[in-house]
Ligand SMILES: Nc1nc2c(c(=O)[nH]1)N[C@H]1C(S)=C(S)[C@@H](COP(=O)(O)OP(=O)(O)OC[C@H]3O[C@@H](n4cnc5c(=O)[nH]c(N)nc54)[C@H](O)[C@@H]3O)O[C@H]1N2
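Here's a solo chain for you in structure tokens, the form predicted on its own.
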């Protein structure tokens, strides 16, 4: 039989590469990069090849599971929804809306059905206990962007194809192909930068894959990024290097920033950073004098107690050096759909706020509608009004991905009811009473909602399903709507399509007023996320406005462009001031939340640095913990090793390939040692997302080499107080050889 060719967007990491998938009957026979794809131009990484393994994985759930007498057994969809109806409303009736909690993981960002319908379930629950993976790795960046530019996803992106100088701090885009920066084939783009005479500089406590190809690499002590960045800002002021450039008319708060960094001289921070004074000053000077330059910083700068301050100071540097909103500097994407900074009145908005409510136990403030995920265990454990007694998880595995997983696992066992939307029986969902599986990515349509807002180039791409789902298998958005209906007292037998029609009509009335009926009529024949996508495209910045701009985009046009790799909407362009959504209509260079937190950092400058600290790391073959269950990604050298500098290994009596015990107070784990000069002395690196040796999980390949759960070593009470982000980096540990 002749093979059939499909063009598909890879959903396994933020790079969102275009794929060419060949199938025969119901089997994948090859996966390669799609040369014509407007975003990735044929580039792929090993994760894309693993889509075949994921689709065929015998451990991937295909029917609902219900826990009976402590054992998960297969059930029909009707039985699963009936079980939910029998148990979840009873918890709400007894304890109120806040007796429930809901947590969502980052795979939902890669599935339009989960991402656009998760909120409908959360609103139906009406709980304040909303958690997500954002407070594990990115909330500081979102908070800084929101306060400075007016929206949580107005993220400044390096214009890598035209810049001359790229400074990367605490990020490894050669392995990730971007994080909150969708940039497939970073290596190729970095080589092109260097070939045209540009410079790539990396600051990281490990000589990462990105650092290895850089023109310069500087070690830095984990957790001290805020001091380095503040000292660089100080240098710009002290040496009269501040140039606001084209955004000068839209910047306010310059004097407040100058005063706030007055004590952070390079001389004051050098020892704490583990860098010399001249290096700090040179970094600032090179950035200021480069014609086209950008600073990019990610997980290493976010996952620390000063994550929000560090994220803010990155954009302060980009602004003060005149590179913000400049070609070759830092620009903002203009996506075809779903971006709030392309909707409504240009140049002004309501901005963002935090602290609209607080966690019941710790008092941590709400940020972006969420509480820190590290509060979840204590909210389950602690009696009183609002104690979580029922939890819904959506594509998340916090027992492995969140600090103090053992505590959370024990807390989950005390719940009255737990429901999980997930494709695996994993370390978290093993605690669930009901598991509702989603589709294989190859059985689902695909359009990236979030990542075009973070992409190096503007585009619109749609992927139809490769395979039809099994008969009777609902799509994830339908399952979310049915559970929402159960929570609202409508019962388990409501038709998901009719629920969706009613919800869409209400949304249309709210958004379009007198034109609502015309919008409903214009989208007849569409349901679920496809209908929402049609509206978002047609009302977006390139859309046809439902006929008012005849040459504009529609869903039909984007679908038709699938074989050609999507629609290229061009390079990023300056967008000031139209993209601003701050109440002032200005770039808020000095948000009071950050200015008022800098003294906390200043007081910390004199604190002695620990002898040994631990950080995580990223591997090109891993993004989520379940990827360890895919043979094509799991094969090869064992990757869950503790990297230790040779001088530390000699001091501690560690042997390469031997075992070591790592301690943080009463918490301890054991890991295999790999001695490596790529580490900064005094720093150990262990990847996160491992620890596949817990009873009840069904991950056969991952269990063969379970690895060590780094997060079992970390304290769930350590957070960046502004964003609620967990502290995963720079944590002091002790280490000893295990005979």
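All figures in this text were calculated on a predicted structure; none of them were measured in a lab. Numbering follows the first chain given and starts at 1.
Omitted here: the form predicted in complex with this ligand. The next part is about that form.
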_Contact segment among 490-498, 637-645, 176-184, 282-290, judged by heavy atoms lying within 4.5 Å of this ligand in the predicted complex_ = 176-184
*Is every one of 137, 205 and 620 in contact with this ligand in the predicted complex, taking contact as a heavy atom within 4.5 Å?*
yes
*Can you pick the one in 629, 142, 304, 463 that has a heavy atom within 4.5 Å of this ligand in the predicted complex?*
304
*this ligand isn't shown here, but in the predicted complex which of 475, 458, 106, 387 has a heavy atom within 4.5 Å of it?*
106
*4.5 Å heavy atom contact, residue 581 to this ligand in the predicted complex*: no
*Although this ligand is absent from this view, report whether residue 13 comes within 4.5 Å of it in the predicted complex, heavy atoms only.*
yes
*asked:* Please tell me whether any heavy atom belonging to residue 422 falls inside 4.5 Å of a heavy atom of this ligand, as the geometry stands in the predicted complex.
replied: yes
*Is there a heavy atom of residue 722 no more than 4.5 Å from a heavy atom of this ligand in the predicted complex?*
no
*Any residue of 149-177 that, in the predicted complex, places a heavy atom within 4.5 Å of this ligand*: 169, 170, 171, 172, 173, 175, 176
